[in-house]
Structure formats: structure tokens, C-alpha cells
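Taking the form predicted alone, here's one chain by itself in C-alpha cells.
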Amino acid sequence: MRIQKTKKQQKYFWIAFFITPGLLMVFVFILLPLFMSMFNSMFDWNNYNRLGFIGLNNFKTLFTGYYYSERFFNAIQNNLKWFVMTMLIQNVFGLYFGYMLSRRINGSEVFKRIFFIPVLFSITAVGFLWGLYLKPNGLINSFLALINAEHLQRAWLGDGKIATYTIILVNIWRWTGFPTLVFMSSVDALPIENIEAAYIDGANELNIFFKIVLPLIVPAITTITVLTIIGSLNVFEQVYVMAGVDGQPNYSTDTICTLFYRTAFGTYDSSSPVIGVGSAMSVIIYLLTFFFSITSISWLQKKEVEI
């Protein structure tokens, strides 16, 4: 009995030994900042000095106050654009490329590397280089002039109507390789017998894809969707590098995170930090991320098909 008890104790010790560092990381870098943000959002602030308790007034200011509500809902619209375009372009093309690469087309090994190489680049380098390419006298407009397409030349990052879409497309160029490899790996893991049986029964490529492959790779679709939601609601670096933290031109590239940065740290249009409203904004970011992630997981899991 003592030997069995000792073995159980050792087992629990090693379990605790391996999971404790991960739990500490989650607590220190996720849960603690969240609780501190929720706590700070309930107080009035004078720069970095916490004043009296004001309940949900900071949230009220965020949603109804002059300036904040306009900027906040404008930023949410831009985050929605990020999500929709990423889902419709990046992930759809990633699914298509991943499926085609899994079919072992000619040069598939080369294409794998071509698709994934941009993912390895740092976001700062990508943003800086594309910022140079997209200048009025940059590579893109010079190329359009070379092929006699001057009518297509634009101030890609200076026109408020297209600046956000331009930055999103750059981000899509960088990240398309990731869903491509995820979907390719998922298709490769499918039992070949199912697909071969469908071919024998006379199914064409479209039927095989939509009736067999797509339902069986829903777990991969769920993963990519959740990552897209998280990424779209936490957009910061790409916009910061290419358009600045002030969301220029005229806030057209603003996102929730760039607005949070300006509010919490007091830059550009806020001469002093507004910790209370900034904390309320960070709580909203977390709640939106949590809600939409859980909703998408719940909905997509109902679509999963057991092999």
C-alpha cells in the first residue's frame, strides 16, 4: 500500500511540476492583467493616480461620450473589415491552396515554401518594406506606370477610402501560408479510403471536396476561425508600422488596439493618459474576443463529422 501511495504521490508531483509553469504564465500574462484592467476601469484617474470609485462610468464614457464613442465605433468597424476580408480572402485561398498542395501537384514542395516564407518575416520588416513600396513614388505606382496603367496609381496609404484595405491585403499576403499549411496537413491526415471510394462511385472533385473533405476538416476550420477572430480584434503592429498609432489618414486605419494605445498612454489626440477609459476598452476587447471565439467554436463543433 505504501509503495502504491508513493507512486501516486510521484505521479501527482510530476503532473504538478510540468503544468505549474504553464499555469503561472497564464495567470501572470493573461488573468492578472485582465483582473487589473477590470479593477482599474471602475475608478476615476488623474494621469497615473487612482482616484475615487465610479462604477461603470468609464464604460458609459466609452460608448456615449463625445469623441470616444465616435472613435470607438469607427475602430470596431475597421476591426470588422479585418475579420471579413481575412476570412473571405486569406482563409478561403488558404483552404484552396492547402487542398491543391495535398493533391501533390507538380512543384508542390516548392509552392509550400513560397507560401510560408512571408510568415517567417517579422511584422515590422513587412510593414516597413510595404510602406516603402506603397508610397506615391514607390515600387507599386512605378510598376503601374511601367505597364501604362497610370490610371490605377493611388496614394495607397494616404487615401482614407483605401488605406485600411491596403494594410489588410498586406497582412493577408504575409499570413496566407499559415492556413494553407494547416489545411494541407488536415487533408493529408484524412483516410484515403474514403476519397478512393468516392472516386469509384463516380464522384467528381467538387463533390469530393464539399461532401467529404470539407466536413472532415471542420476542426481545422474551427482553429483557423478562432485565430482569425483573435487576430482581427487585436490588430496593432501592422497598422502601427504602416500608418502610425494615430490611425491616419483621418482615423481611417484606426483599430480598437491603436485607439486603446492612444487612450491609455496619452499620445497624439490625448495629451495625458486616460487609464480608466483605456482599461474599459481593454475589457471590451477581451469580452468581444471571448464571446465570438466561444460562439464560433460552439457553432462549428456541431458541424464536425467523425471519421
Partner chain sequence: MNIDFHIKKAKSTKKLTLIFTFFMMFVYVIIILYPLFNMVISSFKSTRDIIRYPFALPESISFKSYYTVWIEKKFYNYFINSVIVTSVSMLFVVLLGSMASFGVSRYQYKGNTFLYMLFLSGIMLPLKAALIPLYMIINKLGLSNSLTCIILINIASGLPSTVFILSGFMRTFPKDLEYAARIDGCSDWRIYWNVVMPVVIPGVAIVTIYNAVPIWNDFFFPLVFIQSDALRTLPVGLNSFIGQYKTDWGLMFTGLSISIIPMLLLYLSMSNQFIRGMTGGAIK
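In this text, rigid core is short for the largest set of C-alphas that superpose within 1.5 Å between two forms. Numbering follows the first chain given and starts at 1. Because the structure is predicted, anything quoted here is derived from the model rather than measured.
Heads up, the form predicted together with its partner chain isn't pictured, but that's what we're talking about next.
Legend entry - Contact residue in the predicted complex, from 100, 216, 76, 89 (heavy atom within 4.5 Å of its partner chain): The residue from 100, 216, 76, 89 that makes the contact is 100.
Inset, instruction - Only one of 62, 275, 256, 243 comes within 4.5 Å of its partner chain in the predicted complex by heavy atoms, so just point that one out. - result: After the contact test, the surviving option is 275.
Legend entry - Region of this chain that lies against its partner chain in the predicted complex, out of 81-89, 229-237, 67-75, 154-162 [heavy atom, 4.5 Å]: Result for this chain: 229-237.
Legend entry - Partner contact for residue 299 in the predicted complex: its partner chain, 4.5 angstroms, heavy atom: No - in the predicted complex, heavy atoms of residue 299 and its partner chain never come within 4.5 Å of each other.
Legend entry - Residue contact check: residue 148 to its partner chain in the predicted complex, 4.5 Å heavy atom: Although its partner chain is absent here, residue 148 would stay clear of it in the predicted complex, with no heavy atoms inside 4.5 Å.
Legend entry - Touches its partner chain in the predicted complex: residue 182 (any heavy atom, 4.5 Å): Output for residue 182 is yes: heavy atoms within 4.5 Å of its partner chain.
Inset, instruction - Decide whether residue 210 counts as a contact residue for its partner chain in the predicted complex under a heavy atom distance cut-off of 4.5 Å. - result: The answer is no: residue 210 has no heavy atom within 4.5 Å of its partner chain.
Inset, instruction - Note that its partner chain is not shown here; using its position in the predicted complex, name the residues of 71-109 with a heavy atom within 4.5 Å of it, in sequence order. - result: Contacts from 71-109: 93, 96, 97, 100, 101, 103, 104, 105, 106.
Legend entry - Residue shift check between this form and the one not shown, rigid core fit, residue 20 Cα at least 2 Å: Indeed, residue 20 is displaced by 2 Å or more.
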